[in-house]
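Presented as structure tokens, the chain that follows is alone, the form predicted alone.
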Amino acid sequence: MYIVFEGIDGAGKSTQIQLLKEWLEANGFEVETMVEPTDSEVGKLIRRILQRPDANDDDVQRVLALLFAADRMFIMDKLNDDSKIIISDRSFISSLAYQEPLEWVEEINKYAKRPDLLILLDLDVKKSVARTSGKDTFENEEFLTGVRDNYLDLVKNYEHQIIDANNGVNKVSSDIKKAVAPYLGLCPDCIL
């Protein structure tokens, strides 16, 4: 199974992926996690560009969209491994939410694997800005409001669960386990 976590920055994706991984392994599943951008040379270049003051300029965003699409090609073999559960921190859906024009971003990502389950950690924009203060130079309330709206619209196209990420870590983790359990034949009332 390929499970993708999406959401605006500060939603708790990294924390919740780790908690879900531990829970699934405790229930006997083999799990691998990954993050976009990857640790490939392309992924490293993406991280450097994201730190630039002009990272939100339209031309830079188009270059980033191409680089993200290229970076995804490095993980395609992993995503086709049916022997384990793959949990990803972001996917091509992030590009659809953050970059435009939408039709072009869809086209350059047409070979990207679609998730079996998309978990959107939905966070209030003001909380996102407070949690990520000082980390990104271009993300502000106006920008993140548009991205959050894009996510809420995009999830309709995929098998998905929307989780309220405004709650505490333990409540969010419990909600995620309850959402994932039926897909894996686990008893939602018997969650470890």
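All values reported here derive from a predicted model rather than from experimental measurement. We number the residues from 1 along the sequence you see.
Omitted from view is the form predicted together with a small molecule, to which the following refers.
Proximity of residue 175 to the small molecule in the predicted complex: non-hydrogen atoms within 4.5 Å are absent; the residue sits far from the partner. For residue 50, a non-hydrogen atom is located within 4.5 Å of the small molecule in the predicted complex, even though that partner is not displayed. For the chain shown alone, residue 124 is not a contact residue for the small molecule in the predicted complex, no non-hydrogen atom being within 4.5 angstroms. At least one heavy atom of residue 91 is located within 4.5 Å of the small molecule in the predicted complex. Considering the small molecule in the predicted complex, the lone stretch of 22-30, 155-163, 36-44, 52-60 in range is 36-44 [heavy atom distance within 4.5 Å].
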